[in-house]
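The form predicted alone is given below as one chain in structure tokens.
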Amino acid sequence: MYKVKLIVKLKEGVLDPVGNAISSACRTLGFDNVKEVHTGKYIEFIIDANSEEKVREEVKKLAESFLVNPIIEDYFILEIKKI
């Protein structure tokens, strides 16, 4: 079995209203050093597979079939760890 950590984020140039709201709140609260905020999704899976290669294939299918909107989002696997 493998534990997988997946990050989904907006593509460069896509408007991020949540990130903008967080950035604005940072300035309002006095966190003036925060210059940009980008948001996304963090997803963990436990996958029963025989190899890391199979896990990567499975995660790619999951991401590309319904987890990611390829028009506005990119994804990457943060970690695959055998458990």
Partner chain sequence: MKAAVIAYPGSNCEYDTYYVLNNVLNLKTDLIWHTETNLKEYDLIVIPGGFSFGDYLRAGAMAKISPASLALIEEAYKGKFILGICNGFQILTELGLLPGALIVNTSLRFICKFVDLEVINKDTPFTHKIEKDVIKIPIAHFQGNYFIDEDNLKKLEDNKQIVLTYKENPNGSVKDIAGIINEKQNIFGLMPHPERATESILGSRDGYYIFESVIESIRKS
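Residue numbers count along the first chain shown, from 1. Predicted, not measured: the structure shown is a model, and the values here were computed from it.
What comes next is about the form predicted in complex with its partner chain, which does not appear here.
J.: Would you classify K41 as touching its partner chain in the predicted complex, given a 4.5 Å non-hydrogen atom cut-off?
T.: The answer is yes: K41 has a heavy atom within 4.5 Å of its partner chain.
J.: S24 versus its partner chain, in the predicted complex: is there a non-hydrogen atom within 4.5 Å?
T.: No, no contact at 4.5 Å.
J.: In the predicted complex, is there a heavy atom of its partner chain that lies within 4.5 Å of any heavy atom of E73, even though the partner is absent here?
T.: E73 belongs to the contact set for its partner chain.
J.: Residue by residue through 59-83, which ones have a non-hydrogen atom no more than 4.5 angstroms from its partner chain in the predicted complex?
T.: Heavy-atom contacts to its partner chain in the predicted complex: S65, F66, L67, V68, N69, I71, I72, E73.
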